[in-house]
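This document starts with one chain, in the form predicted on its own, laid out as structure tokens.
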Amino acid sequence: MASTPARRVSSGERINIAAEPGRLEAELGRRGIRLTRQRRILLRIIETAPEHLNVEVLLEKAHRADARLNRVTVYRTLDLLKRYRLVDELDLLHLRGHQHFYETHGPRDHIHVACLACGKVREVESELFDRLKRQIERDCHFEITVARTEIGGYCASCRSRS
């Protein structure tokens, strides 16, 4: 088994895109969850999306595969995935109003770094972040099962334009 690098930084894409293709379907199957054709379409889109998806984008992509797939199915599937902690719901500093975004869990937690001017979101995995979580667990006698961190600022491109 390959070791995970001490740190990874994306250039704007999701770090964990298709880290384990089919993982969501397998996890739900193990739990005895019925996997309809429409649900399988949504799982594939969520797993392979290079960007963070909101409901509108997810529904638009799903309609390309099945025009009958509706908003209720999207919300129910997202609720199911959140309940089993297979996806995270993010607000990404509310860069685009009050939209929420969804992404699959990867092998490691990561930090979202968002430019407040252009809205580009990068992801960062870091051994330092992992060590901080372990310290918090020790100091607080607490088991961390999810960590979401968002940092806002200005990217190099936006700083050079101002």
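So that there is no doubt, residue numbering starts at 1 and follows the sequence shown. Values in this document were obtained by computation on a predicted structure and should not be read as measured data.
From this point on, the text means the form predicted in complex with the DNA, which you will not see here.
Does the DNA get within 4.5 angstroms of any non-hydrogen atom of R34 in the predicted bound form?
The answer is yes: R34 has a heavy atom within 4.5 Å of the DNA.
Decide whether H100 counts as a contact residue for the DNA in the predicted bound form under a heavy atom distance cut-off of 4.5 Å.
So H100 counts as contacting the DNA.
In the predicted bound form, is there a heavy atom of the DNA that lies within 4.5 Å of any heavy atom of T48, even though the partner is absent here?
Contact with the DNA, no.
Heavy atom of L58 within 4.5 Å of the DNA in the predicted bound form
Residue-level check for L58: no, no contact with the DNA.
Of 118-126, 37-45, 131-139, 104-112, which is the one stretch near the DNA in the predicted bound form, taking non-hydrogen atoms within 4.5 angstroms as near?
Single hit among the candidates: 37-45.
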